[in-house]
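Consider the single chain below, provided in structure tokens and representing the form predicted on its own.
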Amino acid sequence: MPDRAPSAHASIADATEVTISAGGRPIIEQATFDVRRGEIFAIMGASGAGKSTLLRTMVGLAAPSRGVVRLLGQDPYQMPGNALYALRRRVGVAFQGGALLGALSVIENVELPLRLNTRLDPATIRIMAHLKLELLNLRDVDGLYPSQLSGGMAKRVSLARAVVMDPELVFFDEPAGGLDPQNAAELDTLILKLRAAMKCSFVIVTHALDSALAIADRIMIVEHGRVLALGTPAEIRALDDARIAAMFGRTGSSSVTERAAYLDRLTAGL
């Protein structure tokens, strides 16, 4: 089971009545929720439901049309540039496609946030980058380039870069996207390992139901731009809603691993 139960009162990010529009069309409507310190918070929904759009707004990259977003207790859209820069240094983002720079090696990609945002000497930066690669089981790939990586390795390198500055909050867009079940489960293991080692919070945007049930402390389901449900995995599974039941039906009861058993297997040996 996860090492640390999140506080019921301490929020690290939240949204209040947030509406996000594009071209006059609402993509997210009146979303209200909070992310608690220490938890893994999963945002789920079908493709096109607005999950990634909501993530960009939470990160501070796209202002909402209405409502308020707070990140680490502050509204990123009401801050001067220097304060926003300092706030973003406390947050890590792993993008859906990895967004690795093809001209840089793995170790250079992971080092990049430290080189751009700190005055640490190159030797210290190299050590810190290697430590994060080690945490993500990437011991021998530092000299490779993104084009030489498998999909699962690229996801892990992107995550290593996102956490290299020891952020308090990490956003991860579609960690299981494009991965086979084994690689997706291995990445679940590493997310749990990082949360335990770094004492950080995660917001994960995903369509992978098994993954969300396995590692998330709470799940928010978005449908057609609106929050359909929000609760623990057990609470979500217990809801009497045909739309949510259909999500479980597509997975099949025989293939959905019970959360406790799955977590025991994932965390064995950590």
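From a predicted model like this one, the values you see are computed outputs, not experimental measurements. Numbers follow the displayed sequence, beginning with 1.
Unshown form predicted together with a small molecule; subsequent notes refer to it.
Proximity to the small molecule in the model of the complex, defined as a heavy atom within 4.5 Å, singles out one entry of Asn183, Thr118, Asn137, Gln96, which is Gln96.
Though the small molecule is absent from this view, in the model of the complex it lies within 4.5 Å of a heavy atom of just one residue from Met220, Val59, Ala49, Val69, which is Ala49. In the model of the complex, the small molecule sits within 4.5 Å of a heavy atom belonging to His207.
Put simply, Ser211 is far from the small molecule in the model of the complex: not one heavy atom of it is within 4.5 Å. When contacts are judged by a 4.5 Å heavy atom cut-off, Glu174 counts as touching the small molecule in the model of the complex. When contacts are judged by a 4.5 Å heavy atom cut-off, Ile27 counts as touching the small molecule in the model of the complex. Residues within 4.5 angstroms of the small molecule in the model of the complex, judged by any non-hydrogen atom, belong to 51-59 and to none of the other stretches in 29-37, 211-219, 51-59, 227-235.
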